[in-house]
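Given as structure tokens, the chain that follows is alone and in the form predicted on its own.
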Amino acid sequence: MKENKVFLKGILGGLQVYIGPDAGLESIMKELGQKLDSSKSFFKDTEVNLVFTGRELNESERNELVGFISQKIHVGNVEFNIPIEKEEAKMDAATYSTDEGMTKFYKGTVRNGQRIDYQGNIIVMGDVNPGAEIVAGGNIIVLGNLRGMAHAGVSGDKRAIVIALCLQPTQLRIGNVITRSPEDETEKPHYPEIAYLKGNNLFIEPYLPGKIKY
């Protein structure tokens, strides 16, 4: 089975580009080119801001990659992963934590108009439909499709995370940071995803179990 090295995710005002940790520049550009070519109509006549996450790129790789993408679409602002200082390392690691504690399990589909509100973690063993709301003081994990509203860390916990087998919420919040899914996704996810905060930015990436610290 082919292993994808690049994942695209529509974010508010632009496009998030996640690059796998072991991806080489040549394979990155090949796969990225294929994905951008298949989404030409979506990017037509639109300035697209880019946020790169995942594998860190050196200056040469950054310049070459942005130049390559600029041949495909009209590029606006570009942001790359910013290496954290030692003083911030513990905080950044905590972003990926899933603390044990009070957890509420909900079995079945959360339907339009339903709301689950709990001060601890919430695990939904089913889908969350549009119009449904999940509000947690801690983390939110959905073992199904998340297409409603999810608010993790409602009391201001910036370490909270949201994980779903299919993460396409109408609205997503962690702490006081909020984002919405674009009306037209550039790529429908067929893999689990994790949403987390880094600084004051909310990122969504493929879920890699080994990346989470316990």
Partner chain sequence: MGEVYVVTSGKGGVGKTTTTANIGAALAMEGNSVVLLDADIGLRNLDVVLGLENRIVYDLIDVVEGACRLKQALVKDKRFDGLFLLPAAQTRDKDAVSPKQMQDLCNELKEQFDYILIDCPAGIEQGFKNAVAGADKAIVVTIPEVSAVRDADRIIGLLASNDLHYPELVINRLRIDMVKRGDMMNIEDTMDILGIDLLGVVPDDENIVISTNRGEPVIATRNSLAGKAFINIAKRIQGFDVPTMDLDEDSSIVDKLKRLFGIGKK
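Positions refer to the first chain, counted from 1. Predicted model only: the values in this text are computed from it and were never measured.
One more form of this protein exists, namely the form predicted in complex with its partner chain; it is left out here, but the text below deals with it.
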**Message:** When the contact criterion is heavy atoms within 4.5 Å, does D127 count as touching its partner chain in the predicted bound form?
**Reply:** yes
**Partner proximity in the predicted bound form: T103 to its partner chain, non-hydrogen atom cutoff 4.5 Å** = no
**Prompt:** Using 4.5 Å between non-hydrogen atoms, is G108 touching its partner chain in the predicted bound form?
**Reply:** no
**Prompt:** Even though its partner chain is not shown here, does N77 get within 4.5 Å of it in the predicted bound form, heavy atoms only?
**Reply:** no
**Contact assignment for its partner chain in the predicted bound form, among R147, R55, H151, K158, heavy atom within 4.5 Å** = R147
